[in-house]
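Structure 1 and structure 2, given next as structure tokens, are two forms of the same protein chain, each shown alone.
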Structure 1
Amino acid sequence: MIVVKAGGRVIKQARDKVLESIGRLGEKVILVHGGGDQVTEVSKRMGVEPTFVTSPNGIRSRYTSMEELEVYVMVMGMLNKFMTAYLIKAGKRAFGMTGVDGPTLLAERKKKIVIIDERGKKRIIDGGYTGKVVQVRTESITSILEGVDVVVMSPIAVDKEEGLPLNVDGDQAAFSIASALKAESLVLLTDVEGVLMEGKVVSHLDVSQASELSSKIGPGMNRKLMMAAESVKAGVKRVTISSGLVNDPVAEAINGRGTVIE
């Protein structure tokens, strides 16, 4: 079983390439998709101005108010159904779902977050409707996969306490699912060739090298590396971070293109 994560930029620029590549695989696949940029676009079209906040570490992130959560769920659902329909047309038995369904992904909401406000002051504000996946109920995925070839999963989880849908990070959702299922392979398709050091792709890392390198590289990729190391420790055989913009990106990643962590 393979878990594939395709980020929002990859979906925007090369969605069909990714889906065609999945269509050619003979194995069962769980495709976790992103879509942050598409949510921003639709929010603007609907007159809901996206709010971004900056953490004390300088990481700029979307702030998910209830109004934005509604747009997020709507847009992710739309992306999910279009991708599922494409795979069905390509001859695959595909099933589109979110982490709420089942439930499959249970998350904890960040009730408070620290931001740097417009006056440059550190401030605690309400955390909005984002969450961290804390539990994966694998039985819903495995039972669905008995009857289909591909599960297309939107990164929406259900809040363990409040029972509301939550915006969860697609990478974290993919890592959690792959770890819980002890997947053979987790492929992360991004808009870069892999982990870059001094302009060159690092082709192979073991768990301790990945953890060590995560503290030396930029935000975004550092979290991917940290979570990759954790996933391998949790039983995933191999994590590959590779480009989603090339032809047949999933096969390329499985054949060793990009950075392999094992």
Structure 2
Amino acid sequence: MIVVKAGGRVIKQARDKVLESIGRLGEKVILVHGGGDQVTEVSKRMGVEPTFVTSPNGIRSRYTSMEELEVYVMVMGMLNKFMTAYLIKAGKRAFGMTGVDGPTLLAERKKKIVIIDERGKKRIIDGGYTGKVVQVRTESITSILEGVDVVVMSPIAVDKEEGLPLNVDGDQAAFSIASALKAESLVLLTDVEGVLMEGKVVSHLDVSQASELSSKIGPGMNRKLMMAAESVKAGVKRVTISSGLVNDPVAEAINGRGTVIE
């Protein structure tokens, strides 16, 4: 079983390449997709101005108000069904879902978050409707995979305590799913070639090297490396960070293109 995470920029720029690549595979696939750029575009068209916040670690992320949550769920659902339909047309048995369905992804809402404000000062604000995945109910996914080739998953989880959908980080959702299922391979498709050091792609890292390097590179990729190391420790055999903008990106990643952590 392979888990593939395709970020929002990859979906926007090379969606069909990713889906065609998955369509060529002869094994079960779980595709976790992003869609942040598309959510931003639709939000603006609907008069909901997106808000982004920066953490003390320098990570910029979407602040999800209730209005933004409604747009997020709508747009991610639209992307999910179009991609599912594309795979069906390509001859795959595909099933589109969110982490709410089942439920599959259980999360805890972030009640408060720490941000860096416009003056460069730390400030605590209400957490909005973003969450952290705390449990993957694997039985929901495995039972569906018995009857289909590809599960297309939107990173929307359910807060069991409050009974609301939550926007969860797509990378975290993919890492959580791959770890819970002990996937053979987790492929992270990004808009860069892999982990870059001094302008060159780092081709291979073991767990300790990935953990060490995560403290030396920029926000975003450092989290990917930290989560990759934890996933391998949890039983994922291999994590590959690779470009989703090339031809046949999933096969290229499986064949070692990019940065491999194992």
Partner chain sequence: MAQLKCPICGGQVSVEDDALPGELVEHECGAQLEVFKKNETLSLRLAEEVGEDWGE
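Only the largest set of C-alpha atoms that superpose within 1.5 Å between the two forms is called the rigid core. Counting starts at 1 with the first residue of structure 1 and goes up one by one along its sequence. Computed from a predicted model, the values in this text were never measured in an experiment.
- One of the two isolated chains is the form predicted alone, namely structure 2.
- Superposition on the rigid core between the two structures places the CA atom of Ile116 2 Å or more away from its counterpart.
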